[in-house]
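Shown below, as structure tokens, is a lone chain in the form predicted on its own; questions about how it binds or moves come after it.
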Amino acid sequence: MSSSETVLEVSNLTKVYGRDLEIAGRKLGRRVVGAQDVSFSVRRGEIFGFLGPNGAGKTTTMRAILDYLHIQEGTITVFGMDHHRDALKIRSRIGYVPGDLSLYDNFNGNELIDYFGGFRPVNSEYLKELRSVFRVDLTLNVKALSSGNRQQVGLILALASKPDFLILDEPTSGLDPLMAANAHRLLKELKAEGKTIFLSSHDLAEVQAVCDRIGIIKEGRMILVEEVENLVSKFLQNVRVSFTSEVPPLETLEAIDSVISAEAEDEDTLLLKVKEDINELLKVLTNYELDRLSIEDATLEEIFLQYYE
């Protein structure tokens, strides 16, 4: 398999829940769009981050990929196979951690591993590594575990077969910083081995740390798919500029197309958020005497918020 191989292809996915219904002037039903014409692809050997607030369509899209719900329109292929017709073959190669992780309370961790191993062979050598990385006591019943320890069990179950494709919804939810860092390391190692990871998370620092590309979904529609590196370096920058004498009016700077916002840090220094091309701003600034100018890439969180304002 080549590194450019497409593992997941989603084309024009549309999923609508319910329908508008009115009887005798009373509204008794409601049509809700979970996903509308969603299209994107995920390549072999990459970590793809899937972002959006609650209700944006993330869970709908992930469940559609896994064939856990019926879609009205569009096509989804995984490993070149149809997500519905070939669902069983596809699932044999997928590890999944749902956002609403639920485990059998009366099983302990070891029993769960054995149980799930009956459906899909466990990679014994890799399981040894997982047991050493995650510190959860697998001899305890699930009902006795904290939410963070349950999450560790869920990750072990998803990773134990060392699947070709991982679908992870909030995978580090409830984990302490050490366990989260360990999980990130494992994901990067799997990526280096050519495994593919589709990751949804509200922790944008996590996404920026581990993902190669991201897709942003808003109100059921994909509004952006971009390389993380390009997004951070190109789409938004923080500019701090200090002046030796006259300071330009904020209105002058805010009138520049590329300037999203401008505010005074003190009487001599301004803070600006600039998108994409910064040259127009620099031309304006040449009309003033500068003391200091610094330009920093924005964080992924700042960029994300710009798309949701």
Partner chain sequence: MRVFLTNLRKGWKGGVILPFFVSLIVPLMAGIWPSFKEQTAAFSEILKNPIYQALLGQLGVMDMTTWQGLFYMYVGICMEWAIVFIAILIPARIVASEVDKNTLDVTLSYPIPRWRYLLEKFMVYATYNLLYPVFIYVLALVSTNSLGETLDMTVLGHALMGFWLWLFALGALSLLCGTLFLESNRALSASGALIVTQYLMTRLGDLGDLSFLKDFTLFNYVSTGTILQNGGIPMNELAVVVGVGVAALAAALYVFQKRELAF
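Please read these numbers as outputs of a predicted model, since none were measured by experiment. Positions refer to the first chain, counted from 1.
As for the form predicted together with its partner chain, it is not shown, yet the points below apply to it.
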Looking at heavy atoms inside 4.5 Å, which stretch does its partner chain contact in the predicted complex, given the options 118 to 126, 217 to 225, 181 to 189, 201 to 209?
118 to 126
Given that the partner is absent here, does N230 sit within 4.5 Å of its partner chain in the predicted complex, heavy atoms only?
no
May I ask you to check whether F79 falls inside a 4.5 Å heavy atom distance of its partner chain in the predicted complex?
no
Verify the contact flag for A264: yes if a non-hydrogen atom of it lies within 4.5 Å of a non-hydrogen atom of its partner chain in the predicted complex, no if not.
no
How about D67 - does it come within 4.5 Å of its partner chain in the predicted complex, if we only consider non-hydrogen atoms?
yes
Please pick, from T139, S146, S132, S102, the one residue with any non-hydrogen atom lying within 4.5 angstroms of its partner chain in the predicted complex.
S102
When its partner chain is placed as it is in the predicted complex, are R240, T252 and Y308 each within 4.5 Å of it, taking any non-hydrogen atom of the residue?
no
Heavy atom contacts to its partner chain in the predicted complex at 4.5 Å, residues of 89 to 118 in sequence order:
R91, S92, I94, Y96, P98, D100, L101, S102, L103, Y104, N106, F107, E111, D114, Y115, F116, G118
